[in-house]
Ligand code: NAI
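Listed next as structure tokens is one chain, alone, in the form predicted on its own.
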Amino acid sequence: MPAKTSIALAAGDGIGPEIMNATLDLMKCAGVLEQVEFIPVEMGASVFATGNTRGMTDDAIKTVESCGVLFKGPMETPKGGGGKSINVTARKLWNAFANLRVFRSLPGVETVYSRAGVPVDFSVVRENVEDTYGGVEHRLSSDTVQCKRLITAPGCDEVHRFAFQTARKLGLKKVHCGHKANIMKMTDGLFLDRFRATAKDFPEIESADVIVDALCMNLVVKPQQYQMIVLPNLQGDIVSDLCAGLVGGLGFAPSANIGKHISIFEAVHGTAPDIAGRGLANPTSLVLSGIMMLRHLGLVKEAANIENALLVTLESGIHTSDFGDKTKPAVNTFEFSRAIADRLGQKPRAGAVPVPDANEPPRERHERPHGQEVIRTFKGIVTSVVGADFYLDTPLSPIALAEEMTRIAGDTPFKLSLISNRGTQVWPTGSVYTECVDYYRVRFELKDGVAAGTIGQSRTVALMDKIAEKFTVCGYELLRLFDGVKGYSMAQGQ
């Protein structure tokens, strides 16, 4: 008899243990526990309470890394100082770079769209590691704080390839890239460029892009026009929650976080402490996430049987107290999962999932890396220094600041070319109506006659040293050309 597949199990906080126990009971009835074993790990509020800001014990981390799969319930994020979201920490710690959520109209779950006869059935793939979720923030002046946004070519390539590979596997015909490249021309611009580059490897799938604000409007007006959407992290987080609203809420939205080595399947709704322990919680989201996990593991037969049984249950009008026909009595959490178990082997009237004759081969685990891998997309790029942006904490007016900066740069290879405030140019031209705060960007570029590539970074550092004699320098960014193309953006109004 083949060895069972090990899965790390974190029940979660609040309603987590209730919906997890109900889901595991359903899996047992479906024969899943004959092929997998769940290994409990310590994560969540109880670990945060010990002062552990990661929210997970060392043993939990070792177990997850050994299993390669984590099945988790909703977990509480500490309020105020201390630990960060355990969901974000887990995804980033184990490089689960792609978040996949499937949004589908379900029988018995009434929405605006179900009442209008509009079917909703599409997926969202969200980049899961980068963007503002690095949480790199600083207070730069008395009045200004900063959050750093990082988008990388390798990170884009990973998530885009996953999106197209998943679309191919599901038989989808079109993938959209959601972005804001009209404003964030370099960060979202890179995300869009890498999407287009990846699309060339999947010629049978149509690709298109849409600006994220238009996407949100389109999703509300005509959601059936989309099959799969791939987005950067922050935009993907917001859009995927909007999409959950189209199908009845987060309680009906499964979530998979896929990485090369480790993947996480979870309920993305909250811990609902107000109803914890009362048997009122709806386990559907976790059941659906569990179905995604089973397919990931190759247990496609059990996954299809559970999904069909869930659809039959919903068609029958069986519901927990948060949805369904209010003229019919609601069942509790465990009764709902048992109702699904009682319908295993049945098929719904509509939307039945084909049940394969056999499961797929077990997934192959990549060899454990010996150290952190440095992933790269662009190699052999020729770069040259052409200046620097310095970020200053000062109450001076733009004109007074320009006079000081021009004087300081007098005997250097650089000239002052721009001063901006909150991204808007205020020198050498600007409007008297532009209000300024105490945080400026001052840009120095090479003087006329000084060729790019003739000086190095040390000259910009020397300039910063001179500026720092009189001003507080909050930040510094090197200006470079990459194969002759500017690696920096213009200011608004420039």
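Just so you know, these numbers come straight off a predicted model, no measurement behind them. For every residue, the number given is its place in the sequence shown, counted from 1.
Missing here is the form predicted in complex with the ligand; even so, the following discussion is about that form.
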Note to self: Using a 4.5 Å heavy atom cut-off, which residue among G270, G249, P223, G189 comes into contact with the ligand in the model of the complex?
What the structure shows: G270
Next item on the list: Heavy atom within 4.5 Å of the ligand in the model of the complex: which of L299, A98, M75, L106 fits that? Just give me the one.
Entry: M75
Checklist line | in the model of the complex, segment of 419-427, 170-178, 273-281, 357-365 with a heavy atom within 4.5 Å of the ligand | finding: 273-281
Check: Is there any non-hydrogen atom of T111 lying within 4.5 Å of the ligand in the model of the complex?
Finding: no
Check: So in the model of the complex, does T132 come within 4.5 Å of the ligand, heavy atom to heavy atom?
Finding: no
Notebook entry, point to check: Closest heavy atom of T89 to the ligand in the model of the complex, within 4.5 Å or not?
Noted result: no
Item checked: 4.5 Å heavy atom contact, D322 to the ligand in the model of the complex -> yes
Next item on the list: Go through 4-27 residue by residue and record those having a heavy atom within 4.5 Å of the ligand in the model of the complex; state none if no residue qualifies.
Entry: I15
